[in-house]
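Shown below, as structure tokens, is a lone chain in the form predicted alone; questions about how it binds or moves come after it.
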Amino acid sequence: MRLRILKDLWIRHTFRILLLLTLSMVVFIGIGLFIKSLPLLKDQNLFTILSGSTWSPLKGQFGFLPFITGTVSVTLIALVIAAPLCLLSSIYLVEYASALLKKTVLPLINVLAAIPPVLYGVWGILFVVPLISNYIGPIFGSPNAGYSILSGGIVLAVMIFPIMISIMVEVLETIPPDLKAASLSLGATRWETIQKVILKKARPGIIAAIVLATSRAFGETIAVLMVCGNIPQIPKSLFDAGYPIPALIANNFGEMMSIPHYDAALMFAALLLLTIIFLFNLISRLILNKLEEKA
């Protein structure tokens, strides 16, 4: 009996240590990036770095505002496109689609998640960029606007479709059938039941799906890099080129490291991206907790 108790204690403490090591990896990554960023932070004011709009490493100017706005703009465009489409698609698959259609479509959606990002980028160059440049842009008085944050947002929206739809479908399937039956028995239509009962009950899970998809969108690199234009400027319209932070790191890491503070600036870009994702998830978690308390 004592041996079994000791074995149980050993396993519990071992798992606890492994859990702490897993969680500490994020802390170690943050500390490492911060240490590598110190040369830049010691040389320039943090507010100047974050609010500056000029990126000229040769002149020692490292303004990150264009990259922050580029990252946020592309991600928001992707969410505006993806969230409604994924929610409506998930509702249809769970509430209206036949079992055969559901079994056929869901595996195909999961296949999209396995496609390498570079293929999405190639698709964006061959289809999305010409579509915007030749047809959509001229309508709004912006010809030759193919490589833009709108292109990046569309490609990114398609990339986050699989994870968002998969989670939303799972969330909607967890709604107890008794709730639906009770609503329908009171005379509500199926759409009224979806609006008043199912979506209200599934709201925390739906928001969690959007949060997870957004976290992935923030860090997406190759596909967005190929279609955004990669010009360090603050986008003033959907048809302006942008330069997200992941694209900045991927494009420049390993090059021109002889320039003073250039490597520190790229490490600060990585630290900034980590901070944005962490704060976004923290705020989202607080909102979800409030919604769960109300539910």
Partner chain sequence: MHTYTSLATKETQTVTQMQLPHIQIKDLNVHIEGKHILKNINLAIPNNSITSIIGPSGCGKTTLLKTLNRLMDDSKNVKINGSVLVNGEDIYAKDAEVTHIRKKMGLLSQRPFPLPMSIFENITYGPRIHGQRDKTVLKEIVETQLKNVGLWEEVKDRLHHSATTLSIGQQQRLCLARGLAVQPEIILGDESTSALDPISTQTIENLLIDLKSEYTIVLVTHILRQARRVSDYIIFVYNGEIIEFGKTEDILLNPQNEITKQYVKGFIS
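Keep in mind that what you see is a predicted model, and the values were worked out from it rather than measured. Residue numbers count along the first chain shown, from 1.
What follows is about the form predicted in complex with the partner chain, which we do not show.
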(request) Work out which of the listed stretches, 172-180, 209-217, 116-124, 69-77, brings a heavy atom within 4.5 angstroms of the partner chain in the predicted complex. (result) 172-180
(request) Scan I91, I81, I222, V197 and let me know which has any heavy atom within 4.5 Å of the partner chain in the predicted complex. (result) V197
(request) Would you check, heavy atoms only and a 4.5 Å threshold, whether L108 touches the partner chain in the predicted complex? (result) no
(request) Would you check, heavy atoms only and a 4.5 Å threshold, whether A97 touches the partner chain in the predicted complex? (result) yes
(request) State yes or no: in the predicted complex, is some non-hydrogen atom of T189 no more than 4.5 angstroms from a non-hydrogen atom of the partner chain? (result) yes
(message) When the contact criterion is heavy atoms within 4.5 Å, does S133 count as touching the partner chain in the predicted complex?
(response) no
